[in-house]
Structures are given as C-alpha cells and as structure tokens.
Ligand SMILES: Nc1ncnc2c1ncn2[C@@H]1O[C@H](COP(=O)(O)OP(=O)(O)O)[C@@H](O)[C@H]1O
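Listed next as structure tokens is one chain, alone, in the form predicted alone.
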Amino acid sequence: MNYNLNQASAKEARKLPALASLRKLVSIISGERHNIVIAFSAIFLNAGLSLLGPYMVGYTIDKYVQTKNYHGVLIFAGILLAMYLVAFIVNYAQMRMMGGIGQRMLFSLRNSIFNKLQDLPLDFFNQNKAGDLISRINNDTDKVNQFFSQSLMQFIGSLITMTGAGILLLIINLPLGLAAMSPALILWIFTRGISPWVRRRNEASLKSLGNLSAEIQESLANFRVVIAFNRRDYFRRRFEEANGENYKRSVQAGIANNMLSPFYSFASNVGQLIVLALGIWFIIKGYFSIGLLISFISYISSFYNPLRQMAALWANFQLALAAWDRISLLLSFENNLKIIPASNEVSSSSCINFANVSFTYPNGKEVLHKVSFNLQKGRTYAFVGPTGGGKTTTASLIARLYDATKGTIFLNGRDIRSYTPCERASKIGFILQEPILFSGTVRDNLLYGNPDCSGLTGDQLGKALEDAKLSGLLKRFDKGLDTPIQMTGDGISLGQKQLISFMRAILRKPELLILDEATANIDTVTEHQLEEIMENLPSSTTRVIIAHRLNTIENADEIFFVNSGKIIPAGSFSEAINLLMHGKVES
C-alpha cells in the first residue's frame, strides 16, 4: 500500500468548497457543542448590540439633537454606553471560551494523530520522514488551533454583523442599499476565484516547512557521522536548500494571504463614496434626514469593516484548511495489516510455515518469490546471504511487520494474520541489529512492553534476571538497573544498548526468538555468553538467526541461503559449507 503522504492522491483529503470545508473543520469540536452554543449566542448578542448602535445614534440626532433636547441626548448616550459595555463583556467572555475550546481541540487532535501513528504499520514510517510527521503534529495542528481559538468566532461575528448591516441597509432604502453594496458582489466573485490559489500556496508553504523539519531532524540524528567525516559543508548545504525552499514558499503564501486586504479596503471606500454622494442628493430631495444618512453611513462601515476583517481572516481560514488537509490525509490512512477471523488452530509441530510466499515492497522489485519452508519448534535456524538478498525481509514477515504480497504464513499452524498484535508480540521476540531503546533507566527499558514483569519490584526483577541467567549481563552497567539511558550523548555504548535489547527479549520468554545481526556490535566473549543464555531458554523455543557470515551460525540445526528471491535449505553447517564450496549458492 502506498502510504507516502507527499504522493498520496489529493482526492483523499480535498478539495471541498469553503462552506463544506468549514463544516468539516467545525466537526473536530463537535464534543464542545454546549460551549459552542453559548459562544454563538454571545456572538449574536454582540452583533445585535453593535447593529443597534447606529440606528440609535441616527434616531438621537433626528429626535433630540436637532430639537436641542439635550436631556434626551444624555439618556440615549447612557443607553449606548451600557450597550457597548455589555458588548465588551460578552465579547471578552466569548474570546476566553473559544480559547479554551481551541486548546482542548488541540490536545484532542494531537492525541488523535499520535494514536493514528501508533496504529499504522512499519511500512508507513518507511515511506515518510519523521520530521514531516513531527511538523504535522506540532505546526499543522497549531495552525488549526489558531483558527479556532482566534479567527473562527471573529469570522462568524463579522459575517453576522455584515449580514445584519446589509439587511438594514436594504430596509432603510433599497436602491441606495443595492448601490452601496454593489462593490461587494465584485469582491465575492474575486474571492471565490482566488481562494483555491491561496489555499495551494499555503499547502506548499506547510509542505516545505515539513521538509525543513525533516531535514533538521535527519541531519541532527546523523550529526556524529557528519563530524566524523568532516562534512559540515554537506550538512550546511542541505539545510540551506531546504531553508531556501521554505523561505520562497512562505513568501509566496504571505503574498497570497495579504492580497485580498487592499481590494476590500478599496471596495469599502467606493461603497462609502456612493452612499455619501447619493445620500446628500436624497437629503436635498427630502427623501432622507441627516440622522438617517449618518445611520446609513455607519451601517455601510458595519458592512465593509467586517469584510476587511474577513479578508485577513479568510487567509487564516485557507491556512487552517491547508493544515487540516495535511492532517486529515494522515488520519485517513488505515493499517493494512488487518486481523482476519481465526480458524480452528491446527495442532502442528511447525512454529513457522511459509506457503508459496511472495513479497514486494511498494514501488519496488519482488524480494521473495513463491517461497515455502517449515521451521520446527525448539530448533535453531539460520538465514544467511548477501546484503539485500532478503534476510531481514524474511525475518520481518515472520514477525508480521509486513504481510506477504502472495501466499500465507502460519504461526503454530494458524494464519499469522489471525493473531492480534498483543498475541503475536507475546509469542515472538525480535532483536534488531540497531537496538531501539527509550530515555529512562535500564529497568524501564527491560520492562517496556512486558506486562508480566511490569509490576515486579527491584528484588523480584533481579530474581527474574537471575533465573534467566541474565544477571551476569547486568553487571556490565555501573548502576545496574538504575543506569540511566539517554537518547543523545555517550551514556552507554552501542554494545551495551544491544545487551539491554537482548535481555528485554529474553525476559519475555518468547516462543520464537529472531536475532537479526544481533551480535554485530558485541565482542566475542560476550557473544559466547549470549549463546549460553539462549541455551537456557525453554526447549520449545524456536530460534531464528539472521547473519551475513557463516562463522556466527555454526550451532544452527539448519541453515537457509537467502538470495535473488529464493530461500534454499542448506542443511547443517557442514552441509552449507559444502554447497558454498561447490558454488551452488552465494553467501
């Protein structure tokens, strides 16, 4: 399955019309319905009070100012002050409420993305850069949060105010209202035409930011190699290229986002000129009073000022939609390692059985072609062959890190696809050449993913290590179980990290133990000690050893040569040497 986020079809995440996209965004905070209703009520109240103000001003001018009734002026001035105070309080409360909704949405959205990443298969992470995924979790979700917490209510409030002002303009005087709002029609057509282009510019900017984050993450992760080979120039050049691309895309997005504002300001000025010119003419003809003209001009401002605000908010909206497209595309992926219904488990002496298995990586060549073999319980098997021959792929298929493209793999006589991840992990232990550890202590890493030992005290864990003959390895660490593990720096050696990975796998007491070049970073004495520990495993434990060299698998019960899409059984060590000597296989 193609999991590449940059190559995925755009049809999976877009391109919806603006209102449909807005509904899609709002669906994220559907759990905040009660608070949103209150916030919307506050917006309507605030907009209503704002729209009532110009009418009261015009009424006061016509009724009290022109008649020099200053007592009435003071009364209405007090009423207006009270209205504006209420509007201020309501607006403040609404902004605080939306800020809380936005933060809760951000928390929930990041959890959803991270949980989705936890659910996706290894294939997804092979096709995407970690830095880009980090950018989607941090930057893209923050763009959506800013829209909800800062822009959404302003956008809706401006829309309500603009709509209300437009209705009042038409009620006061239909011809003048239509003339005054005519520039808005041109703006609407222009905005609809330019919005897809603005959105594309924002998507390109976010994508370049993700690529920049990926470049930084990868460069820092490999900085030791950069220093060792004195290739800071390479590091610098790669960063400058990514940073330059991000700069160019950000400038383009900035221009696109700010393009609407001048047009909206110009339309507002044109609208006010129309009202002023026609309004004076109406006053001369006796159709209008001065107070009504002032109210009309205020309503024109209430119509066009929100439009100007919406021009800036529209850019934020397009940016949020672009970010949401990137997020929703990630959330739309499903794990292709489906759990199929379990058939009746057949009693079998085989631990692993490959039946006509073929495998091809996405957009790659076929690695295995119609491979069949059996691994019996309690025996030790070795897979050897040249680099790129398919050894690690075979081990990954045994552990169901991938599914076979064709054919079936059986674990204990049952289709491996019918096991849940927990069931499969409890039966299979996998020790990689590059150990995967986490920040914490040796104890934390030994207990990781081991529910049977997670509740053990220090003494109980020490006893479990002693029973597994692992206590000797623990002495290699200065502070024993409390030795700190750091992801950065030189806290412990690569060999020590491999020992922790080995101990963690043995503690789980797996039915099948896979060692993928697991002793490559360990000295000969320690390797011999590990072999003795593995001999202490239950007699039913099946061992699968992946190796490049024959001298690391002398004690294997059976050896398989892996190369060119084939897995050839070679028998015992001496038989394998004989095949190799006669050129029947390649090592």
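All residue numbers are counted from 1 along the displayed sequence. Fair warning: this is a prediction, and the values are worked out from it, not measured in the lab.
Although it is not shown, the form predicted in complex with the named molecule is what the next lines describe.
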{"property": "Option touching the named molecule, based on a heavy atom within 4.5 Å in the model of the complex, out of G390, G210, G429, G157", "result": "G390"}
{"property": "Partner-contacting position among W281, Y361, Y84, Y247 - heavy atom within 4.5 Å of the named molecule in the model of the complex", "result": "Y361"}
{"property": "Region of this chain that lies against the named molecule in the model of the complex, out of 68-76, 326-334, 505-513, 361-369 [heavy atom, 4.5 Å]", "result": "361-369"}
{"property": "4.5 Å heavy atom contact, G100 and the named molecule in the model of the complex", "result": "no"}
{"property": "4.5 Å heavy atom contact, S301 to the named molecule in the model of the complex", "result": "no"}
{"property": "Contact flag, Q252 vs the named molecule in the model of the complex, heavy atom cut 4.5 Å", "result": "no"}
{"property": "The named molecule contact in the model of the complex: F477, any heavy atom under 4.5 Å", "result": "no"}
{"property": "Neighbours of the named molecule in the model of the complex among 120-141 [non-hydrogen atom within 4.5 angstroms]", "result": "N126"}
